[in-house]
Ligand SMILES: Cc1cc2nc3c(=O)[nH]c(=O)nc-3n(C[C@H](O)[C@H](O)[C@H](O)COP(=O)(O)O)c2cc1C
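As structure tokens, one chain now follows by itself in the form predicted alone.
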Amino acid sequence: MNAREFHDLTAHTPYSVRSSGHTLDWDIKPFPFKVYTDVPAVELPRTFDPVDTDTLIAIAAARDGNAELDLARLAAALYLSAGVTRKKVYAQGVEVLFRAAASTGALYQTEVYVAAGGVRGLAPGLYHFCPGDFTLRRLRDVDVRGPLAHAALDDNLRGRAAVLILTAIYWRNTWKYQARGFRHLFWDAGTMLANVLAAGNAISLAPFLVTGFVDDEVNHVLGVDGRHETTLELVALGPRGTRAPDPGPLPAISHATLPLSSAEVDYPALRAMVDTSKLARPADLTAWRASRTIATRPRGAGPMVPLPSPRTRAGRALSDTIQRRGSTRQFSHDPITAAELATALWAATRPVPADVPFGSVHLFVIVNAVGDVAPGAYVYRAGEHALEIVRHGAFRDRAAYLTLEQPLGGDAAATIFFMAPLDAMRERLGERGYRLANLEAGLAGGRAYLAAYAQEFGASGLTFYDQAVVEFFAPASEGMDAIFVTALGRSVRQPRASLIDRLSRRGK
């Protein structure tokens, strides 16, 4: 199965949503944490210096990675990226844990591993991070940065203090979203990466994203099988130091873990897409690294509407923004300012320090209530920092319809639709380009999230009717496919509702 076939197979339409017989089996809902049971836990420091860099500076400004990476700084980076930031107890004692980064359906399938070699206070080795008890568990007692560098053909990884490895456990997401969950793996990883990059910048760890590697080699290092869990991305952190020695061939590992649930449903289409988008050989990786940003640009549609300069400071520190962040469950119709929208769009499109160029995802916007910007449909031109009109009009009802008939999409002050030229990306980048499209959209959405909460308004990620989105923005969207949606606006207090209803609202 190729990416075009998979994307079309998993597209939402009014018919597909209404005819689906899928229901949520709460008896087999996956456990939200991966817990290794046969290795001791390494307690992470629960007190560390707050990351008081202004959120907008953290998003935008890559700093030199000359700060020492010690255990406290690593704990801060993990907490701000994947940690449990707060909890709330509902009726009957049901406890809900909120995380640093948003996840579709609050299912949190993204796992984080740490390859440590130059972290003061932490022995070299491979560790798994468990947010539930805020610990690391050591899976290998040798420095694995060398094997990771070999798998990624990137010697930079061998000398950085640590490498974070993001993976996904499919079942934790497919329990609700079925095969379409493949897209969610990269949306959610991208949203988490927005936090990783911002935290890494704020702590002066010079984060660098690696999207290309021989997948099976990295999976072998981690001890994951690729059928239930697979590697998504690597992120280098910290200063360059002594190069990791070559440990020689690594034996296979298979540590015991708590079961996710009593039963699991397999989705062959998702596994086929994972396999199709892998890089199997070093030659495939070399070709991936030679790729360039797809030059496709949305068609010109109308006059430009200049936006105010983005704010350089929000007045809220990164730690505070992430601590307070949470997907908005209900928007008021109160407007946001043009400067607030401009700042969120600007933040979403900041350069990404990575092994391949980003920039193939484009932002289309339905404006409902933004000061000094007329309601309508627009394309954001990042180079000009302006909105180009597609059509004028009041489109609250249409925005709600496009976002799977969810009120959030229409109640928002502005709703961003991320689109990418999938066919052009496949032609240039191969099937792995589909991963990049979803990852880039998720990362951009995650940065818009951070910019919104830094400016003290809300955001929520939504799913959508794929082809209807493209048709609505035509002709500017010609050659594009809908990838992801983020709604922005001012929140209202959520009315009391059942716990199941609250947990089920984000996406469908």
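Being a predicted model, the structure only gives us computed values, none of them experimental. All residue numbers refer to positions in the sequence shown, first residue = 1.
Here the subject shifts to the form predicted together with the ligand, a form of this protein not shown in this document.
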Practice prompt. Please state whether all three residues 181, 426 and 481 have a non-hydrogen atom within 4.5 angstroms of the ligand in the model of the complex.
Written response: no
Worksheet item: Quick one: is residue 417 in contact with the ligand in the model of the complex, heavy atoms, 4.5 Å cut-off?
Response: no
Worksheet item: Does residue 108 reach the ligand in the model of the complex, with heavy atoms at most 4.5 Å apart?
Response: yes
Worksheet item: Hey, in the model of the complex, does residue 55 get a heavy atom within 4.5 angstroms of the ligand?
Response: no
Worksheet item: Are any of the heavy atoms in residue 408 no more than 4.5 Å from a heavy atom of the ligand in the model of the complex?
Response: yes
Worksheet, complete the sentence: Contact with the ligand in the model of the complex, heavy atom within 4.5 Å, among 343, 368, 231, 103 goes to 103
Practice prompt. Report the residue, out of 59, 44, 462, 469, that has at least one non-hydrogen atom within 4.5 angstroms of the ligand in the model of the complex.
Written response: 462
Fill in: Which of 181-189, 250-258, 194-202, 264-272 sits within 4.5 Å of the ligand in the model of the complex, heavy atom basis
181-189
Worksheet item: Quick one: which residues from 67-100 get a non-hydrogen atom within 4.5 Å of the ligand in the model of the complex?
Response: 86, 98, 99
